[in-house]
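Shown below, as structure tokens, is a lone chain in the form predicted alone; questions about how it binds or moves come after it.
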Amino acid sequence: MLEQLLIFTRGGLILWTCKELGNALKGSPIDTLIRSCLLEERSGAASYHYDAPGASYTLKWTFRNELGIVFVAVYQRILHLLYVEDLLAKVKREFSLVYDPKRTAYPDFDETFRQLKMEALARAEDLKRSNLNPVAGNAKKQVQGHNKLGFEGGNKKSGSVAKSGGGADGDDANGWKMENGHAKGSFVAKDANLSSVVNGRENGSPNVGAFDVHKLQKLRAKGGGKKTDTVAKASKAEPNKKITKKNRVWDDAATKETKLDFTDNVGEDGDRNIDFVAADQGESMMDKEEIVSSESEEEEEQEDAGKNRKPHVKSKGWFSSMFQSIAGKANLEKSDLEPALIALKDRLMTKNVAEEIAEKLCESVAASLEGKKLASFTRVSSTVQAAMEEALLRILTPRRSIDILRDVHAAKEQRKPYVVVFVGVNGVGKSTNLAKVAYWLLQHNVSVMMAACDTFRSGAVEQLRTHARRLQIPIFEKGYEKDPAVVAKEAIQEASRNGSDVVLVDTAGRMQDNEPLMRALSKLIYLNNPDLVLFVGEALVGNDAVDQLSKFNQKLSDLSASANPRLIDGILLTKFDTIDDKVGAALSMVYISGAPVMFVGCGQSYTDLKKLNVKSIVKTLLK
């Protein structure tokens, strides 16, 4: 049963709702659809599922872009209503005829909707009856009868079946001979003489049609001697001792060997003498404004025109092109948008955007442009690019505040530490970038404590201890093979006693499919309830970014003991200085998780941490 049908403008004004249905929806499925789907450029999807306590809804929608109207239908997910899409199309057509921008209410549309709903239900019943046609059932019985007949015939006349390649594999592939001369998947001759000869050879041996082994043995015998001689010579030439590389001397002067071992010296008491470099690194890049050079729009349009020109597309005449450019096109159709969208999708994929994300973005842009009137002196490609640029800006711009310093001061007023947990897969740089974040916080007079909760990887505690000594900040550690959730809890309690403002929790790297480690991470987050869960990911990944983030969120949701599980709150992109213009991983991660990019790692020193410049990323993606 249809729960609700709603018609509203893109500005949020409700024009009409079905009073006949009058069902009170549980939760807020329409608001969630607008926030999570329509505003996030996911409008190209077929449907949206909404879960509320005691109810699960499926929402379907369509647009009238030239009028700026949205049509949404809501029904129970357990019901598979076949007439919803048809009903939405009919409602869109009829309502567009009576729509007036000056009107805000349409009470006379109730009777029209009642008639449209009855017609849609009748068409759905007819379609259901046609699918249950008895002729299809009879045909199915005939096929089953033929299969049974073929099985019996194969048992009776197995000796007359032609074998392909010999052996049991040929029998399985070709099936059994039937009385009418046909078999499953192949044709078998009725004449036994024809079936006994294949390619001029008698079918007496089981190896008919197979590769001749004798020829293979002859070929091996010819090349065998040469091969053994070559191997013997190579084995003699192998040196007995390992040759070490010597330093190159460029002139006759005596060269003084420089020390390449930068390991800290060990003192008499066994402790390493570590140089403190916290004050020598300078200002963090987080506090520097990045200047983006803007090129002229004319150069970009000329470059796009040269790239988007396809040799197989037949161009229009100069007069028709000029007339359409001046007068504008009546309404944009999907066929008009496809060439520009295909070129745009290819461009996004070359920038390392995941294929699935690029396709969904193009579908969403097509859904937002279809039916709109093309303005005068405007090309379709430039219209599509402008719509895509607007969509990318909307996706990458954070929907909430990402000012960590403000949140830290708010937690300080409540006399509790601000807890940040760093999670991610193996080898992405969690510990290094945790130290960069700690250095940035120290510059803003925030007291920081590290928590070594990576009790799995060898050397993880020592690595974090080295960063803590260099930055002159305390570290809480319990060694290896301990429960990381308990270690994090004790670290937060220690920070509360010592008056530390922020606790940075380092965790073990884990693949998204490793359920035991994902369960341990879910326990750590559930037990300690951190203020921020940061996913640390490489900027080098492409399609794998979608898999990593979606599975991390899914595992955290499935394995959590809480009714409202904590998911990923933000993203830290590492190795951003190695990708040149392949910046698509940022878009893929933000699109699939909805979490903003809060930090970008771009080097090896403590200062190499900066904010994500959204305009620069969008410009690079569309360049």
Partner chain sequence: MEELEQWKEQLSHFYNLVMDRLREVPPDQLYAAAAIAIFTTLLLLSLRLFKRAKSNTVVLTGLSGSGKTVIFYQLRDGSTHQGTVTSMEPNEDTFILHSEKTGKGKIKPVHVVDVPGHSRLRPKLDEYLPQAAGIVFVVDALDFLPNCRSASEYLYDLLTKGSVVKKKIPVLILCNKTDKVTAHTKEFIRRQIEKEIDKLRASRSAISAADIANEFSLGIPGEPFSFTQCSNKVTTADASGLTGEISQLEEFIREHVKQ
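Everything quoted here is computed from the prediction, not taken from an experiment. Residue numbers count along the first chain shown, from 1.
What follows is about the form predicted in complex with the partner chain, which we do not show.
task = Would you kindly say which of Lys582, Lys26, Arg566, Arg35 lies with a heavy atom within 4.5 Å of the partner chain in the predicted bound form?
result = Spelling it out, the residue with a heavy atom inside the cut-off is Arg35.
ask   = Ok, Lys416, His444, Arg379, Arg457: which has a heavy atom sitting within 4.5 Å of the partner chain in the predicted bound form?
value = By the 4.5 Å criterion, the partner-contacting residue is His444.
inquiry  = Given a 4.5 Å cut-off on heavy atoms, tell me which of 111-119, 516-524, 403-411, 73-81 is the interface stretch with the partner chain in the predicted bound form.
reply    = Stretch with heavy atoms near the partner: 403-411.
ask   = Can Phe552 be called a contact residue for the partner chain in the predicted bound form at 4.5 Å between heavy atoms?
value = No, no contact at 4.5 Å.
inquiry  = in the predicted bound form, does Arg123 come within 4.5 Å of the partner chain, counting heavy atoms only?
reply    = Judged by the heavy-atom cut-off of 4.5 Å, Arg123 is well away from the partner chain in the predicted bound form.
query = Looking in the predicted bound form, any heavy atom of Ser605 within 4.5 Å of the partner chain?
reply = So Ser605 does not count as contacting the partner chain.
query = According to a 4.5 angstroms non-hydrogen atom cut-off, is Glu40 in contact with the partner chain in the predicted bound form?
reply = Yes, Glu40 sits close enough to the partner chain in the predicted bound form that at least one of its heavy atoms falls within 4.5 Å.
request  = Sequence order please: the residues of 604-623 with a heavy atom within 4.5 Å of the partner chain in the predicted bound form.
outcome  = Lys611, Leu612, Asn613, Val614 sit within 4.5 Å of the partner.
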